[in-house]
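The chain below stands alone, shown as structure tokens; this is the form predicted on its own.
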């Protein structure tokens, strides 16, 4: 279709939309979802969890309880000078589905006297995983299918069950991480507070998060099959959880529980804690959404920020699209120009330093020449004085010899006269 406008009389080609056709029979592309599922099951899945919380809050125990296994984590001490992160990858299989699970635990978090910089190690770790994925994307020969995706998909932030509210360290850390990772706050060791205190504690936590504009992960409600469940679970945040690897026999059945003198806390009993809700929301219902949101939101924000730091843009000053090659050429030209300017600056600096050294050498030469002339004059004066002293000494020696000669002659005449006198007397 060709349209001619009245203003400039130039033809404008309209882009036709796709034609709607009716199939005459079964073709078979309706099996694409099954093909996708089979391919995904064959390749396996990856899921990475970052556990943040103070020492001895039960992070490792909760991970063992969530996946019904023992990861063999070792307890850490409270005397570490800095926050460290320890990531371990495990291969899990349930039915025919294989899962490569990476659990990253924070060691020494909150144990330092100065906790202002505790979040920096966590931010650096998350950004490093994004950077590794970006560098793999920018390679000429990429291996995205076989490369291990280490980006953090979910962050379980363990809150200390004080019953009063969040600590300043918690707010500062979550504020730095909310644009980088999906944060799911959980109240650790929830069996240490009463039900009434727990309800008020949850309200205070959510109120503080809203007042400090901290964004946490909200379970999606766009899927009709899980919209009602996710909407109700969003109102349950933060989850009050209890973990245990021990089994207690209740009514002839072994259940996970924590045994106390006053009774037992059943981990999978929703009236005792929110462990089942956390497991359902994190693993069974929204694991794929967490993976997708990490790629489409958090990683995209990091990618945009990094590419802008590298100087890449989508449009120029005239709002015209800029290709990757144009950006590269402009960056290369600017880089070469900056190198030439730097080289010229270094050359000028070198010439200036050489001139400065030449002037210093000339000044030193003049100073040495003046010292030499002074020493030469002093030498001549000393030589003249020595020659004069030598002349005077020679004159004194000659005078001494003359007097000695005179004295010798005078003594000879006196002895002769005495001898003649003696002879006459005889």
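Keep in mind that what you see is a predicted model, and the values were worked out from it rather than measured. Positions refer to the first chain, counted from 1.
Missing here is the form predicted in complex with a small molecule; even so, the following discussion is about that form.
Remark: residue 185 does not count among the residues lining the small molecule in the predicted bound form, judged by a heavy atom distance of 4.5 Å or less. Although the partner is absent here, residue 149 is not a contact residue: none of its heavy atoms lies within 4.5 angstroms of the small molecule in the predicted bound form. In the predicted bound form, the small molecule lies farther than 4.5 Å from every heavy atom of residue 48. By the criterion of a heavy atom within 4.5 Å, residue 272 is excluded from the residues contacting the small molecule in the predicted bound form.
Checking 93, 82, 340, 192 for any heavy atom within 4.5 Å of the small molecule in the predicted bound form turns up a single hit: 192. Checked against the small molecule in the predicted bound form, the residues 76, 221, 327, 285 give one hit for a heavy atom within 4.5 Å, which is 76.
The chain is drawn here without the small molecule; in the predicted bound form, the stretch among 294-302, 253-261, 139-147, 199-207 whose residues come within 4.5 Å of it by any heavy atom is 253-261.
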